[in-house]
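In structure tokens, the next block holds one chain alone, the form predicted on its own.
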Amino acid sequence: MMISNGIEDEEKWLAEGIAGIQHNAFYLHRALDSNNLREALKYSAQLLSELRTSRLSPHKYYELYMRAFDELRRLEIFFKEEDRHGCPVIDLYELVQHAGNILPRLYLLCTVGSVYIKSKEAPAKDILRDLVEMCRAVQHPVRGLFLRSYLAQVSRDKLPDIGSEYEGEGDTVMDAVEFVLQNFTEMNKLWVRMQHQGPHSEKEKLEKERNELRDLVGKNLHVLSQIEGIDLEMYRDTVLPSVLEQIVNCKDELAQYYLMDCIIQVFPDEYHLQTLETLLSACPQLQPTVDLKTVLSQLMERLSNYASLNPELLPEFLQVEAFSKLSNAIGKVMEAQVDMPVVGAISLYVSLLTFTLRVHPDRLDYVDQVLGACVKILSGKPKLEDSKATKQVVALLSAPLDKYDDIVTALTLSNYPRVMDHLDAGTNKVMAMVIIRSIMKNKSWVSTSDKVEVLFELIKGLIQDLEGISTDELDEEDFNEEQNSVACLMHMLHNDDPEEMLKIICTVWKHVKSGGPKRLPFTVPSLVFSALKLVRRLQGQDGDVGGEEVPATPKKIFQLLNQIIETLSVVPAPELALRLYLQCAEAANDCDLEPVAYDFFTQAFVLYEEEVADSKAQVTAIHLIIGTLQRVNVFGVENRDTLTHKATGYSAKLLKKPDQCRAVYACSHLFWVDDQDGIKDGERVLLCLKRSLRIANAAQQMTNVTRGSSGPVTLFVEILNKYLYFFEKGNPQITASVIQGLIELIKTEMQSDNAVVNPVSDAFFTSTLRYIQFQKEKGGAMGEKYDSIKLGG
């Protein structure tokens, strides 16, 4: 209730003040219109007396001040026109000093002073010195600040600067600088003193009010930066030391932070670079609570932008040792601010690293030094759990990846993994994903086993369970994405030298084999295919394995592959392991290694017998075995017979009759391989096809018994197509009469009383007949062959 009363009172006081200004402004305008100087001075002094109030907050006082300011601009125009009031400016300067109250007197004096300087009847420096000294008479913080702000405003375009019309004899740039610096110093003292104006209980409110007035003080630094005559030498020897002295001596957190920020923002980057030591030396002397991380971060950002836009200036950065100066300054700030939170310290080093990467990208020792400093900060502390701090560490570790577009460069930084060790398990994984995405995006090849070792140490959060997190607690979708990324990563590890490539594969295997049953199904296939790619490159080499130092040979790699695929038994993932064994068998076939290929097929059959229980999985598996076996040509008669016998035997033992039928007729291809001499056993092909027909027939009868109607003739049409295939390939056992008989059988089945109309199988059969007709009409040798097949109506 008291607060609302205070606000109402303030509004009332402001309204009274505005009313007073408006009332006197009315008479002032009348006096100006009638060119009555005495009346104009009288009412302007009364109008300005309203600014003597102490009851308004800075925000409300500003409203009042702006009303008065507008009237002063009008008054200044009147003062300039001597023919209107008939009083020389020097006399006018004396006259206004007779105003009764100090505040109106000084406002009028500043207004006339502005006109006096413009008249050039006296040196600008003398008038400015006179005004800045006289303003000391007002020591009330708010009233004094606004008065000096007015002085800065009216004098800013009348400073004796180089090239300025007010650069008279003896008037130098130094006079302009001294005037602005003196006004700045006095304003800052008033601004700092504001904090002691009210009761301690309203400290927060006072700080907020002070913050609103900061631009009045900062404007002086902006004016300084606009003075043309301030060259680097003057800035280094006079301006910067004076401003820093005031900042350090005021011992006020708000003022120090704001003014340091002002210096960085308003003065040229070139000056900052050349005065870096002076500027940075002030930082440890500031109050411990000043937010120096933001100040230094902004300075480094300014300098790095400057370097990016002016690459020709990079030698200057080395010459002034910018990196070491910034690095030392950060170290001293850490010592001075012992309570600085980890997030603040790390964010400082993120800025330093960004600066280093942009200004000295070739200096990896600098980059590693920054990372080393972060390790020092983090060591001795528990794993980071502060989300802001971990975010900063991720930014720190991501910066080199973004800059170099090449993980290999980051892998040479000795402190990189040491920083990652301080992350909690969750963030460690996030960072590991950032690393992998960087490699994939930039297509960075990692080409030595040593670098692969470092890389997999960095991403260990994805390839094994870290402390405190088990795979059971993970979100399945995230987990799958992570593991797929690791699998993709394996294809970015490559070296043209087979020896080194084998070392890389062994290094990866060492890391991923302890990944646990959930990870292995993702990582093993990628590793197997990387190894098989190496095998293909080594095709034809057949050295025996006898010790560690033996060169990379297919045999040695196949032994490793056997171990790798065996680990899938802990998952268990029999279908995946079976597919990988068959891939290895095919590769061994291409290397002409019969015993190795046979061993892989044996492993596949063992898995099929003992592990693959699901009927659908069995169907898929047996077709994979048949397809692979058909492509393999390395086996002698005995081994091939053993394997084909196994395949046909398992085909006939599948659970469902249609699956049996299809697997058995697929086996017919094992005895007739078109692109290869030797395997063209027409009789066994016919046996397979007849056997599949019997099974199809049994399936039809079973459907008849169980459902009261015969099923579709799809199986028969599929078998007919197999007959046609071998008929065309020249299998002597497959004759036109056999095909004729099968066509008649299908037609009979379709016309029987129990037949169910099935559009799919009917269309399939019609298409097959159309194909036969097409071959008959085509003529030539194939046409003659088909000619004896009668399709009938």
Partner chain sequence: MNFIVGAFKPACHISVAFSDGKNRKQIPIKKDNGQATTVPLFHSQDNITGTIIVEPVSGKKVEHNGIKVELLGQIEMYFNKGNFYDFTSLVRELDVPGEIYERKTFQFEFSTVEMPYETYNGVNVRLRYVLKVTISRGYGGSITHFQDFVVWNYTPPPSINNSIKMEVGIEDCLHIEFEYNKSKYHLKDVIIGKIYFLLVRIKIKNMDLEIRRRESTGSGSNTHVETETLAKFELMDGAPVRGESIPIRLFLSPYELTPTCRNINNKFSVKYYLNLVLVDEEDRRYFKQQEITIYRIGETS
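Numbering follows the first chain given and starts at 1. Definition used throughout: the rigid core is the maximal C-alpha set that superposes within 1.5 Å between two forms. Note that the coordinates shown come from a computational prediction; the quantities given were computed from them, not determined experimentally.
Just so it is clear, the following notes concern the form predicted together with its partner chain, a form of the same protein that is not shown.
J.: Evaluate Arg136 for contact with its partner chain in the predicted bound form, applying a 4.5 angstroms cut-off between non-hydrogen atoms, and reply yes or no.
T.: Contact check for Arg136: yes, within 4.5 Å of its partner chain in the predicted bound form.
J.: Counting only non-hydrogen atoms and a 4.5 angstroms cut-off, does Lys443 reach its partner chain in the predicted bound form?
T.: Taking the distances in the predicted bound form, the answer for Lys443 is no, it never comes within 4.5 Å of its partner chain.
J.: Should Ala99 be classed as touching its partner chain in the predicted bound form when contacts are defined as heavy atoms within 4.5 Å?
T.: Contact with its partner chain, yes.
J.: Against its partner chain in the predicted bound form, would Glu202 count as a contact residue? Criterion: heavy atoms within 4.5 Å.
T.: No, Glu202 is distant from the partner.
J.: So if I measure heavy atom distances to its partner chain in the predicted bound form, which of the stretches 659-667, 414-422, 555-563, 187-195 falls within 4.5 Å?
T.: Looking at the other structure, the answer is 187-195.
J.: With its partner chain left out of view, which of Arg105, Lys125, His511, His360 would have a heavy atom within 4.5 Å of it in the predicted bound form?
T.: Flagged contact: Arg105.
J.: Within 4.5 Å, heavy atoms only, which of Glu82, Glu481, Asp130, Asp231 is in contact with its partner chain in the predicted bound form?
T.: The option sitting close enough to the partner is Asp130.
J.: Can you confirm whether Arg631, Asp675 and Lys690, the three residues that make up this candidate site, all sit within 4.5 Å of its partner chain in the predicted bound form, judged by heavy atoms?
T.: No, none of the three is in contact.
J.: So, does Leu190 move by 2 Å or more at the CA between this form and the one not shown, with the core held fixed?
T.: Leu190 C-alpha, core-superposed: shift of 2 Å or more.
J.: Taking the rigid core as the reference frame, tell me whether Val138 has a CA displacement of 2 angstroms or more between this form and the one not shown.
T.: Yes: Val138 shifts by at least 2 Å between this form and the one not shown.
J.: Once the two forms are fit on the core, has Val350 moved its CA by at least 2 Å between this form and the one not shown?
T.: Val350 C-alpha, core-superposed: shift of less than 2 Å.
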